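Coming up is one lone chain in structure tokens, specifically the form predicted alone.
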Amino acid sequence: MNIYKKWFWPLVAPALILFIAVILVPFVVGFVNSFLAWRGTYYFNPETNSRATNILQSFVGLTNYKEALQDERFMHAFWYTIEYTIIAVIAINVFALALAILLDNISKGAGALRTTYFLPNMLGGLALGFIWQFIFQIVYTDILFAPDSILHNEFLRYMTQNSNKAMFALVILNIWQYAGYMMIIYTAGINNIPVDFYEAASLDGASAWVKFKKITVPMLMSSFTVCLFLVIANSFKMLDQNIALTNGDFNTRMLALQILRTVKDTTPPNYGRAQAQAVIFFVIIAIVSITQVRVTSKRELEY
């Protein structure tokens, strides 16, 4: 025990220093800057309409937050992100759970299939975005669903050039990226369910749907907790895919991209307002994530 105590801080110190330097300090500095007239390279004094000689002169209180909430682009990005997140959470988890159940019933080649489905998660967001941009713009629009094709479907054409279509395009992209990852988590949960439960249900004449509803779902609540949290968090903070797929055009900006573009939308660049948006963004993610984890954790079963 003394050996563990002796080496605890030397082993923990590097990670702790990195956390403080890379996450905690920038977060605190950013939070402070959200109350200031910060222009990126200097602090602005609103009273004299010139550069501030000290940081206190640039204090604007809640002005940045008020302007952020009154910004139509920010509010559109907020609701657009909410709508996308609701659809993505349902779609990704349904696909992931379906894959996990299907592969659990396959005796040969299941490992290879799981690896194949997991591989898209290894690609970066920008790479995925550009791959699917090509698919939506060329394959879908000009080949598969073109007017002269027997598969013609106007909804699936020009999906990156319409706000509503782009939302579903992003959902499709992220199903391809994350479903395999979530499938691994669900597979682990399914493998931990005692076979005796299913055998007892079969003896009682339970159908496959009843087994799924009464055994699989309740026993997978711990997996649901993890997967829902990951999908919600990734949906809210999605940036690379949004940039690569639509670049925020056609009213398709999500919250992370809106914060990034705020400094370009304002002249001179208003980093203080962008930082206020980032704080609001953080609070939203924290509230939604904590609420979701608490709700699903209460439904977890012990066996």
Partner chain sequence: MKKLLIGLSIVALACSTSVFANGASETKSSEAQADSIYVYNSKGENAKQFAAMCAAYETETGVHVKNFSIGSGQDHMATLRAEMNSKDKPTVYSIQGMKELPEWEQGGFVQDLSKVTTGDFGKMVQAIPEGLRLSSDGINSYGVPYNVEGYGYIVDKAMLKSLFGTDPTADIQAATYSEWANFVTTLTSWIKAPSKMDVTFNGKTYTLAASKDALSSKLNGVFVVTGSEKWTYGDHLLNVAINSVFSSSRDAASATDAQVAQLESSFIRYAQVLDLMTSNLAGADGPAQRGQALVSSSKFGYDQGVQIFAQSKALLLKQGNWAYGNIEGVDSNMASRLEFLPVKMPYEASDVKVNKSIAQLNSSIPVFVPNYYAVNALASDAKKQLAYNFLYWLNNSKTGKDYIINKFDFIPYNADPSTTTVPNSLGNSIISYIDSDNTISAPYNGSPAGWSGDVVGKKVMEEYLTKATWATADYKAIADYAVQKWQDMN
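Residue numbers count along the first chain shown, from 1. Predicted model only: the values in this text are computed from it and were never measured.
In what follows, reference is made to the form predicted in complex with the partner chain, a form of this protein that is not presented.
Remark: residue 234 does not count among the residues lining the partner chain in the predicted bound form, judged by a heavy atom distance of 4.5 Å or less. Contact check for residue 66: every heavy atom lies farther than 4.5 Å from the partner chain in the predicted bound form.
Residue contact check for residue 53: none of its heavy atoms lie within 4.5 Å of the partner chain in the predicted bound form.
The shortest heavy atom separation between residue 247 and the partner chain in the predicted bound form is within 4.5 Å.
Contacts between 256-287 and the partner chain, taken as any heavy atom within 4.5 Å in the predicted bound form, involve 261, 263, 264, 265, 267, 268, 269, 271.
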